[in-house]
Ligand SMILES: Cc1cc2nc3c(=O)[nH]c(=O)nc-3n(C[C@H](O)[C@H](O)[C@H](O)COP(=O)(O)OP(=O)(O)OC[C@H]3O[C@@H](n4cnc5c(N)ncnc54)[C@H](O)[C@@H]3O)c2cc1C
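A single chain, nothing else alongside it, follows as structure tokens in the form predicted alone.
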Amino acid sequence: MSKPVDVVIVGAGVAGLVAAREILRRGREVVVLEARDRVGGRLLTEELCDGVTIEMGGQWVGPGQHRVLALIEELGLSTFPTHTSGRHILELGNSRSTYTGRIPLFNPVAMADVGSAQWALRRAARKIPLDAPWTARGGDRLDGQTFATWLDRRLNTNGGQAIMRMATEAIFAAGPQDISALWALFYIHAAGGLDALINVAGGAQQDRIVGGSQRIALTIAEELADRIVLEKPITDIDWTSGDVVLYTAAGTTHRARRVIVAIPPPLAARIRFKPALPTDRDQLVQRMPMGRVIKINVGYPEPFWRADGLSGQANSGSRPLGTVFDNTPPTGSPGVLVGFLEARHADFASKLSPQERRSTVLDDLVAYFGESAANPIAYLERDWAAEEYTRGCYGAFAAPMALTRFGPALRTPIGPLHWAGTETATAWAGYIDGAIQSGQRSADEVTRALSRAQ
């Protein structure tokens, strides 16, 4: 058994690393146990070609995400804007349009329908308490329906429904029929509105981190040094009495006065607890699945689409590769397009062979940007649902009736056990910023608890 510490943190994603850093700065001894052979969780930078690195996990930051922007500055990192100059592409049904700015030139009746639905979304989302959405007025009614049902009652055109489905899949990596309407409204409020979630300039996709977003985790890990122990997946946590004992699949044991579990809800549900957790907590995590996405970066000698007056941004309501952005490094080469197979499209694509999936992706890129897209110099994909210690992205979401029945168990400590992770955040839940907030909150909880026990 390793030397006892004040706090053991399960998970070396951003939430766990931020919590560890805060706890250490307050004079407490901490150890972070990570199942993978790396830090960063859902942040991952890999080599695309010839030493060029690219983000294969979460990557964007934007206005209003005060915690992550402050942390980036504190760590000495920098950002650069996502490329947006040129015409964007939108395909709905058999129609294709190109446009600049935020609003596509599409069927005016459908766009008016979407505008009306967005107004209703803003109005409803603002009424959801961020710290306790399950207490919202009419929360039972909202939680008892899917987001699809909520949208269907406010959309009157096929085009409007297609646009909002496309937006939902891009935000949650899940279909609107999968998600509680209450969770969707909470999530939108937590980000400051739907526009903040879907926009590039002025929104959540505005900026990227030079060198890749995983540099946040790697830089904090350098500070924590040997307090991070990799390749130690937790199988059991015994909090029967006194200190908490954690058992790993590697056969090691670790002892602490307090534990922060900083992994996604579905992964936390796989740990055996002794004594068993209260049933509300167990029932909640059974009802919070992960979204499903396959992220793909495709490299070219140069960003050829820019010469054609295109921004590299494309969306389709029917193509498997329904969301595409220009992901070119700040140097301007190689040219990189990043695309996402999300929700139902990830279901479909995961059943294809790697060669078939690559062909599907390139076919869609050719349809968007022309024949030059058919001959990449590099292709890199990551199926996050196939990751043993992630099991999906972008984040977990609540199924209908999860929040109003079991929501208080999301963050409430249980004895010496505390919960972190972006899904527990009250601002920018699901984003790096939300992960930071959750790490800071859980660090506050455990240091207060340890002080009271002295």
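What you are looking at is a predicted structure, and each value in this text was computed from that prediction instead of being measured. In this text, residue numbers run from 1 along the sequence as written.
If you look for the form predicted together with the named molecule, you will not find it shown, but the lines that follow are about it.
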Exercise for review: Verify the flagged residues A12, M56 and I271 against the named molecule in the predicted complex: is each one within 4.5 Å by a non-hydrogen atom?
Suggested key: yes
Review point. Of the residues R258, H189, R281, K295, which one places a heavy atom within 4.5 Å of the named molecule in the predicted complex?
Key: K295
Study note, to complete from the structure: Answer key: of P334, P104, P233, G159, within 4.5 Å of the named molecule in the predicted complex (heavy atoms) is P233
Review point. Taking heavy atoms and a 4.5 Å cut-off, does P264 contact the named molecule in the predicted complex?
Key: yes
**Study point:** Interface membership of R42, the named molecule in the predicted complex, 4.5 Å heavy atom rule
**Key:** yes
Exercise for review: May I ask you to check whether R36 falls inside a 4.5 Å heavy atom distance of the named molecule in the predicted complex?
Suggested key: yes
Review point. Does the named molecule get within 4.5 angstroms of any non-hydrogen atom of F325 in the predicted complex?
Key: no
Exercise for review: With the named molecule left out here, work out from 393-401, 45-53, 23-31, 410-418 which stretch has heavy atoms within 4.5 Å of it in the predicted complex.
Suggested key: 393-401
Practice item. Can you tell me which bits of 359-393 touch the named molecule in the predicted complex, meaning any heavy atom within 4.5 Å? Key: W384, Y389, C393
